[in-house]
Every structure is written in structure tokens, then in C-alpha cells.
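Below sits a lone chain in C-alpha cells, taken as the form predicted alone.
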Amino acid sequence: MKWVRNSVTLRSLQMIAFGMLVSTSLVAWKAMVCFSGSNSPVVVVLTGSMEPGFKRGDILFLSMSEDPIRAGEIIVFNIDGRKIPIVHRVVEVHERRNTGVVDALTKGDNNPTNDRPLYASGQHWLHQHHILGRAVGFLPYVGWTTIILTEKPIIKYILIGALGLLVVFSTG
């Protein structure tokens, strides 16, 4: 009967450790959101459109401030009707006379033309609500994990299965 009690105690400790890991991760993410001012403080570069500056698989750290966007800055933005954010450089800004609000035109460093064909139909500029943040730092190649797990779902399922087996068959 003693071994059953030890087994239950071990499982309880494992569950508590797992809960603490998840909680710590969520707190760290929320802290990054608060300090960066961006709802998405970390993004992965998914294409080669920003080479040679940023390569596919680089992780970008974002910040969002009240300062207006300026030409030359690298921003991450969403386009209406698309789920995946885009990382490109601001090539031109347009300041509205009556409000002082700045709109932006973007282009990938490795692309031949600006991004107007990517924008929603009839849209010529990015507005403030499209912009998720400015790139303020990066880690090269670290985002490849995300890309591989997204593009090759079988690897994700194998990894989850292996981790599940590890938890089930691990002993104290």
C-alpha cells in the first residue's frame, strides 16, 4: 500500500510541476506583451522577402509606441482578410493633414515592388490598426522549430506522442 501512496504523491508532484511550467510561460508572455506594448511581441519570419537583413526562421521581437511610424523602419502588420502577419520595411509614409495620423506603404527588402498588391482591394496605405509593432531585435534561426512543426504536422504528432510516452513511463 505504501508504493501506491508514493506513486500518487509522485504523480501529484509531476502535475504541480507541469502546472507551474504552464503558469510561468503564460506570465512571461503577458509580461512581454505589457513591456513591448504589442499584442504580438514575438513573430517568426516565414519567407525570404526581407533577406539579407532577416532570413526565414529568424525570430523578431516587437515593440509598439505612440511615436509615428517612419520610413526605413521594419514593421510587422496584418492585412484585412489574412491571418498571417507580414514583416516588411516602411518605404513611404503619408501624414493626414487634418489629424496628423501617419499611414505607411511597405515593401520587402528582397521584393521588386511595394506591397500595394498585397493590401485589401482598394487599400493604398497601412493604417495604425494594421500594425502589430516595430522590429527592435531578433534571434537568427530560432523560429525554424515553429516553421517545421507547422509545415510538417506529422513531426508535431510524433513529438507529442513521444512526450506523452515519456510522461507515462517515467519513474521517480
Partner chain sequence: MHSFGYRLNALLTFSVTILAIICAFASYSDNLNLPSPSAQIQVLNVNWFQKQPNGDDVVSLTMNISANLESMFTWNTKQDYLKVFVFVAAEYETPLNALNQVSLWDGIIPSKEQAKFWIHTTNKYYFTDQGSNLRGKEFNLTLHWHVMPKTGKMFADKIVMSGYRLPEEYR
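The shown structure was predicted, so the numbers you read here are calculated from the model rather than taken from an experiment. Numbering follows the first chain given and starts at 1.
Note that the form predicted together with its partner chain isn't included here; everything after this is about it.
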Its partner chain contact in the model of the complex: residue 71, any heavy atom under 4.5 Å: yes
Taking heavy atoms and a 4.5 Å cut-off, does residue 79 contact its partner chain in the model of the complex? no
Taking any heavy atom pair closer than or equal to 4.5 Å as contact, tell me whether residue 144 reaches its partner chain in the model of the complex. no
So in the model of the complex, does any heavy atom of residue 137 sit within 4.5 Å of its partner chain? yes
Is it the case that 89, 93 and 107 all touch its partner chain in the model of the complex, with a non-hydrogen atom of each within 4.5 angstroms? yes
Which of the residues spanning 40-65 lie within 4.5 Å of its partner chain in the model of the complex, based on heavy atoms? 52, 53, 54, 55
